[in-house]
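In structure tokens, the next block holds one chain alone, the form predicted alone.
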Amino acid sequence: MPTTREREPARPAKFSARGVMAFFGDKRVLHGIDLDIPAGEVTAIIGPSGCGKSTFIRCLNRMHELIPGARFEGTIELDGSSIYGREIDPVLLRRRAGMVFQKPNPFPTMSIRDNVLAGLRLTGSLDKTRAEEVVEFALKSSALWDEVKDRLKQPGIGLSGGQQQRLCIARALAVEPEVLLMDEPCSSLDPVATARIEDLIHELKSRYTIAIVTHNMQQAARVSGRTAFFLQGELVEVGATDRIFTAPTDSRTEDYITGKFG
């Protein structure tokens, strides 16, 4: 009989979180989260609005601390090393664990090409002799190259919503991350664009560890190998996606999946 919290995922943990608590001022929004994100797999994080799922993945690359008044307690390790150590440069950490946000956010004054290279410029790691190679690699990896290769100097903001989101994914991939953190990446997209992003996730999972926050349970079922259910700042249940959706061990998970609340 599977337990509510399956202790060991099938693959080794890329991220390992223990006792994670997150605060906005005096308000605590995460209550002691213990969760592993397995390497080389897609982990979906589901739950109703305000349950802490976006806050959790922002803790994974220390974006939570960028919010005034926000703070973190607990431990998070990436490949066995704490990401909150004094010696850790958060900018370099975010290069290893890139973020794709809910709404496409290409830099409006930059061309498609310069949007792709923006992260490398920010970290001071752009090799100008390889710039065109990097642009082509990232745009091909995000399934956008064929659509934009003849207009790389045009503004990224001129693309459609779905193309803009794939451009943001290309920008994240250009810095050669190990992890992609995706915070409801399809919530503002139409069904056709959503399908393209989901296809892209399937293509990328062989090369990257992916954690995706989604309010769409059908999407979680389609793209992920493991699913974690959050409720009111707590991790209720985590396990193989097929099991979570067909035989959850906690009645709250079943109630959420069957639409009794949320």
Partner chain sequence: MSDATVRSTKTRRGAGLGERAIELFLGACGVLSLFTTAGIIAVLAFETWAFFREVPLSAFFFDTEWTPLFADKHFGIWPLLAGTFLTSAIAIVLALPAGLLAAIYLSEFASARMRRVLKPALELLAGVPTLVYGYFALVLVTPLLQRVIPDLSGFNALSSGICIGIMIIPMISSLSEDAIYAVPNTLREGAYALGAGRLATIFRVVLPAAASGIAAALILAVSRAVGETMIVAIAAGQQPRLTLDPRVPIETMTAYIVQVSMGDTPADTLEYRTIFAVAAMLFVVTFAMNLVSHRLARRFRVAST
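Here the structure is a predicted model, which means the values were calculated and not measured. Positions refer to the first chain, counted from 1.
Form predicted in complex with its partner chain: not shown, discussed below.
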is_contact(R121, its partner chain) in the model of the complex, heavy atom dist at most 4.5 Å: yes
Since only the chain is shown here, I'm wondering whether V148 would be in contact with its partner chain in the model of the complex (any heavy atom pair within 4.5 Å). no
With a 4.5 Å heavy atom cut-off, would you call F72 a contact of its partner chain in the model of the complex? no
My question is simply whether P108 lines the interface with its partner chain in the model of the complex - judged by any non-hydrogen atom within 4.5 Å. yes
Exactly one of M182, L139, I112, A172 comes within 4.5 Å of its partner chain in the model of the complex through a heavy atom, and that residue is A172
Which of A131, M99, L189, L152 has a heavy atom within 4.5 Å of its partner chain in the model of the complex? M99
Is it true that L66, V91 and R95 each have at least one non-hydrogen atom within 4.5 Å of its partner chain in the model of the complex? yes
Among 39 to 47, 215 to 223, 192 to 200, 58 to 66, which stretch sits within 4.5 Å of its partner chain in the model of the complex, heavy atoms only? 58 to 66
Using a 4.5 Å heavy atom cutoff, which residues in 217 to 241 contact its partner chain in the model of the complex? It's fine if the answer is none. none
